[in-house]
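Presented as structure tokens, the chain that follows is alone, the form predicted alone.
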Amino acid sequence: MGASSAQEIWEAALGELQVQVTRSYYRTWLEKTTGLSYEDNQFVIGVPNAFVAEYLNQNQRSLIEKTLIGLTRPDIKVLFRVASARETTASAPTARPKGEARYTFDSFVVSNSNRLAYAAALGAAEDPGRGYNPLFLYGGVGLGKTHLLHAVYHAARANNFRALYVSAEQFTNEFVSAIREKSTEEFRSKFRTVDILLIDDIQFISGKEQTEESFFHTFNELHNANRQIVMTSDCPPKSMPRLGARLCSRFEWGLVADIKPPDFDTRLSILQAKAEQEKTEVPLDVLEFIAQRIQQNIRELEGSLHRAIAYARLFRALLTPELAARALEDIAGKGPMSASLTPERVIKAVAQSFQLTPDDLKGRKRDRTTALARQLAMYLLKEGTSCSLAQIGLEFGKRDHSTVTHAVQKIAAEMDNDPYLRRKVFDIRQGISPAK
């Protein structure tokens, strides 16, 4: 099979993988990959360098092969190879966006669900430190928080402000390295001499006492100098578990703005913008079908469109709502779960996966394995069903909703850095997906 066919298969696979992993993970490890060849049962994936090849081979081979099996054959074997510039160009018939500059204010779809957050972010970029400072944006996974953060960064740089964007994890890692290498002065200079500091997923520092202390002083110095601070989180400051009272108070000094899931018209607008970005004409009824099917997560919404487009190209078929349904049904057990799943089914599946019983998860055992299984079950119920936090807490022995919130945040954060946990979640989801 030729390179173009291999790339078409890989485009379809990427559409599925984009739903499976976080946006930052996808950008780091998968976005610059290509499908080079598919001969017999061997599928060759082109990667930008040897480091990516080694990482994917060690950590994501199983997930990638499972994804490709649905598009090729059961005995598919994956090989990762560093691609030449010529191979990369030849194997990329569709233009995937390059670089973070695509996350701008112009490409952000504004609606009632995010209007306040958008306006506040725009104000922070145009006149840093003069309006709401700090600006704290929070909302669920995949709703556009990181998009707005990058938009502030690019607009500020265009206005000749010194802007620095980092994730809270990166801030933590650099702080630890600075202590180890005795370069704390360089660390302080880097983070305290900018006009705008942008911190993504600030909840990551919660409970890390030394990191919190360092960020506390960084925050104070920037705020006292009227330098703008913008942060994102998956929850408001008061709901961040184990966050110190001093930081919690400071996070609320300015404006705390939430981003809610988009309504149908907004989801449709997002899909239309995404199709235009990919330079692909998609019938309106197809966009409407996807907008009706995917309601809570913009990342999943965009990934589903990508999957449908790639699926149509792969099979050289007209993109219709029926074809889009088939494309998305193929990953029904690998993406977010159906709202029809019951808590009993999820708890039973998780317990079996960890060789425990449902009563273990609902009881008071606190050993490491049981605690992880319990938190993972809470995460799956929150992400894959319509159960409220209070309802989930009741399923686990009348636990408080704050316990559920902590569990969901912990699993979501650890999945970014733990391939084993991601595979565990993937396998459980696959096992409990509703029968077709």
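The shown structure was predicted, so the numbers you read here are calculated from the model rather than taken from an experiment. Just count from 1 along the sequence shown to find any residue number.
Only in words, not in the display: the form predicted in complex with a small molecule, which the text now covers.
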item: 4.5 Å heavy atom contact, residue 108 to the small molecule in the predicted bound form; value: yes
item: Residue 141, heavy atom within 4.5 angstroms of the small molecule in the predicted bound form; value: yes
item: Any non-hydrogen atom of residue 103 within 4.5 angstroms of the small molecule in the predicted bound form; value: yes
item: Close approach of residue 145 to the small molecule in the predicted bound form, 4.5 Å, heavy atom; value: yes
item: Proximity to the small molecule in the predicted bound form (heavy atom, within 4.5 Å), stretch among 355 to 363, 210 to 218, 311 to 319, 269 to 277; value: 269 to 277
item: Contact residue in the predicted bound form, chosen from 125, 202, 298, 230 - any heavy atom within 4.5 Å of the small molecule; value: 298
item: Closer or farther in the predicted bound form, the Cα atoms of residue 31 and residue 275, when the shift from this form is 3 Å or more; value: farther
item: Closer or farther: C-alpha pair residue 11/residue 147 in the predicted bound form, relative to this form, given a change of 3 Å or more; value: closer
